[in-house]
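Okay, here we've got a single chain as structure tokens, the form predicted on its own, with questions on binding and movement later.
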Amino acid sequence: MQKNDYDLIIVGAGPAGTTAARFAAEQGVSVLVLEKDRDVGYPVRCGEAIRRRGIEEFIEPDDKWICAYIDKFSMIAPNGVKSTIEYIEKALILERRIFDYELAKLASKAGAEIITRCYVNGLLLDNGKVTGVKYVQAGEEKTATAKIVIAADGVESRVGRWAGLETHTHIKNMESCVQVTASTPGIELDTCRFYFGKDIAPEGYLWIFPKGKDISNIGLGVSATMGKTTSALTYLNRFMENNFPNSSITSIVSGGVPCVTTLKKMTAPGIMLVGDAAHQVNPLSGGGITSGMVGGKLAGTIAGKSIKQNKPDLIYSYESEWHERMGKRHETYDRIKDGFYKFSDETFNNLAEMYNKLPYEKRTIGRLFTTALINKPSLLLDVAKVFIM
């Protein structure tokens, strides 16, 4: 029988939500995860690329949810010049539907209860403190109480807004993204490709991530302000027509990504925000799988301790712990993004040509960004901190 009172309720069963559930449940607190979609891990709105080291903290890599092992990075300038770098560590292309499901299984094994097709439509409040949620399950209105609620409900979190937290993202900090999974004959299975230029993806980039032999995720993100005049889908269709005119497309997804630093306020009485809901996305790349799981682990661990020790105010330590673990780095990424994405096509072309003059063994991601920002000395220290040290 499903209960209506828990120690912790989590709204959203993506990587951030189920990771929070797992690390809280492992401490012996009762955890309920409510997911609005039919299945965990569906629909997939993600490029599915991740550093191997980024997930080993949370789950042992398994071939059943890994589509490709990546050890090269290629940047293609607007004039078609390609610069290739070998990764020191391997990256992975995931099968997110299976990966997310495995994370949910870990949470369930730890003791969390996960229910899908549950649409959260409000919060229970007591003198301004969040004490539970309202939701609809199989057409029936229900409520469940909790000592703490964690919102892992995605971009511009409704749950966070209901609690009085500012989750809105200004349009200038949003990326409009679209992606297809398509046949790509001849694409290297071990290389991620990134394309830049005003005619490709203005104030953003286009990616090709191989998912297996002759199939890839091809997507792009453009600044939302640019997307107001020409849509992201128009740019992607143009690229596909020019590069893969006979490609068979098996899926298409679209959405907005907050490419900005983390929310300054991620907690309020009785509530914490994680993942996209807290803007824990890498502002430079738009990637959020690893950072979402880091946020989930921190929030779940702290929530569990708060409940076990009966110290409600302990949840406020979450913001400072996140800032030390990932927030500072994301602020650096954001400064680099503001310089890098505003380069002209001529600058990108010159960058590729200069970079290709380096001996192959000296080509690293750190050197790429240092070369890119050589005319912006104020950013060089930031680049060194992130990519070289």
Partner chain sequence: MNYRMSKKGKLLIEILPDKCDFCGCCVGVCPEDAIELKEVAIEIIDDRCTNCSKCVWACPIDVIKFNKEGVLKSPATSYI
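Numbering follows the first chain given and starts at 1. The model shown is predicted, which means the values in this text are computed figures rather than measured ones.
One more form of this protein exists, namely the form predicted in complex with its partner chain; it is left out here, but the text below deals with it.
Checklist entry - Non-hydrogen atoms within 4.5 angstroms of its partner chain in the model of the complex: do 263, 273 and 317 all have one? => result Negative, none of the three is within 4.5 Å.
Item to check | Contact test in the model of the complex: residue 288 vs its partner chain, heavy atoms, 4.5 Å | outcome: Result no; residue 288 lies far from its partner chain in the model of the complex.
Checklist entry - residue 213: heavy atom within 4.5 Å of its partner chain in the model of the complex? => result Looking in the model of the complex, residue contacts with its partner chain do not include residue 213, since no heavy atom lies within 4.5 Å.
Item to check | Partner proximity in the model of the complex: residue 102 to its partner chain, non-hydrogen atom cutoff 4.5 Å | outcome: Heavy-atom contact with its partner chain at 4.5 Å: absent for residue 102.
Next on the checklist: With the partner left out here, check for me: in the model of the complex, does some heavy atom of residue 253 sit within 4.5 Å of its partner chain?
Outcome noted: Close contact exists here: in the model of the complex, residue 253 approaches its partner chain to within 4.5 Å, heavy atoms only.
Item to check | Proximity to its partner chain in the model of the complex (heavy atom, within 4.5 Å), stretch among 78-86, 305-313, 105-113, 162-170 | outcome: Careful reading of the contacts points to 162-170.
Checklist entry - So which of 71, 156, 199, 188 reaches within 4.5 angstroms of its partner chain in the model of the complex, heavy atom to heavy atom? => result The option sitting close enough to the partner is 156.
Next on the checklist: Please identify the residue among 176, 184, 131, 267 with any heavy atom within 4.5 Å of its partner chain in the model of the complex.
Outcome noted: After the contact test, the surviving option is 176.
Next on the checklist: Do any residues of 55-85 have a non-hydrogen atom within 4.5 angstroms of its partner chain in the model of the complex? If so, which ones, in sequence order?
Outcome noted: None of them.
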